[in-house]
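Here's a solo chain for you in structure tokens, the form predicted alone.
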Amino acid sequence: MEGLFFNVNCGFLEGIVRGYKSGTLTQAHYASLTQCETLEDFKTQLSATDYGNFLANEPSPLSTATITDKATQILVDQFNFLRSNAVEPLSKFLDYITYAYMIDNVVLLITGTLHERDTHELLERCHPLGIFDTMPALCVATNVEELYQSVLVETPLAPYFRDCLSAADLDDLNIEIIRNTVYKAYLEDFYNYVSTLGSPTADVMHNILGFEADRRTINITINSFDTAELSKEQRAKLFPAIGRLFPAGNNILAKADDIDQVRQVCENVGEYRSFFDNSASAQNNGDLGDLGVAAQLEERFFRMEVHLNKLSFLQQFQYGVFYSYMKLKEQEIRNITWIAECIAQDARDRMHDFIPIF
């Protein structure tokens, strides 16, 4: 029934976002970009794509940071156009997408406050999608207690901080523990919200958010090995209560002591078996340490994320395409940045180590 009325409010925006997606760089584009000798050549090749002349007014010599910032600004402008034309429930769904960036921005400001840095300078490093109207108010805080109260009053993240952390926690806990605690609450809340939207949005988003939860669970487990700061009880509290690994896999990972136990848990989920295919044998031969396995895993996580987000475009009359477009475009920006860095540093042997989307 929802499909009958979906186009009344959201058909136009779905058409727009599918049009944006058709401008995603293809293998042919990447082949041209990797042939470039200089960043000026790179700029010329990009101008033949949907990015157009987005670098036309930038002075030489061009830097990779400038390319990344300008490409990100295009994505931000596209998102803001969608958000300004959206009505409920799509507008709230798009707001949820921005909460992830807000968390990163607030955590950045907390870090700056703890280290007594000028928070106004940190504003320039914040992600544009995570900036909200009252954000400058957070910069007035001179200590963590004031910042905590400002977050509770001024930001949409208040429920996540209020239910999970106290002002004393911001002072005592490692900043990554704070980030993961808040992100856990956000993921679970987003998961519950999309459940209220019904099928097919819920079906698509449950797969994507469930994978994101599992990825964070696995990363937290691996990063906490040989770390005195995080006990196994604290580790378990950081795991999102959603995903394919929840609950049995999460319980085992909470007690895991090495990579091999993580691999055994992932083998119970068909889609995750390939994550450790080569790393197990390489580790046994001494070729990879835990850090090497984690780096290899990260690339496979990105590939799986791209795969799931591409799948969401195969269904119509659902909001998942808006989330998926943002994630695919972020991966494309990472690819562009990687190739540009390789050109700038003349590291041509590593230029093809990116993750193509189409």
Partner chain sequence: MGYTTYASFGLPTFLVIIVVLYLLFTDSGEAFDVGRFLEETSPFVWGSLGIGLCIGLSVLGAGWGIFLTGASILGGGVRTPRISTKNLISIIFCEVVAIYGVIMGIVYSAKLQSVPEAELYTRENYFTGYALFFGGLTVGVCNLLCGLCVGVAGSTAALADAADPTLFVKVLVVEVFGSVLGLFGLIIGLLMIGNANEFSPGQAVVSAIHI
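Please read these numbers as outputs of a predicted model, since none were measured by experiment. Residue numbers count along the first chain shown, from 1.
Just so you know, the form predicted together with the partner chain exists too; it's not on screen, but the next bit is about it.
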Exactly one stretch in 297-305, 66-74, 311-319, 326-334 has heavy atoms within 4.5 Å of the partner chain in the model of the complex; which is it? 311-319
Taking the partner chain in the model of the complex, would Glu341, Phe354 and Ile357 all count as contacting it (heavy atom within 4.5 Å)? no
Taking 4.5 angstroms as the cut-off for heavy atoms, does Ile16 touch the partner chain in the model of the complex? yes
Would Glu37 count as touching the partner chain in the model of the complex under a 4.5 Å heavy atom rule? no
Is Asp41 close enough to touch the partner chain in the model of the complex, meaning at least one heavy atom pair within 4.5 Å? no
The partner chain contact at Asp50 in the model of the complex, heavy atom, 4.5 Å: yes
Does anything in 5-24 come within 4.5 Å of the partner chain in the model of the complex by heavy atoms, and if so which residues, in order? Phe5, Asn7, Val8, Gly11, Phe12, Glu14, Gly15, Ile16, Arg18, Gly19, Tyr20, Ser22, Gly23
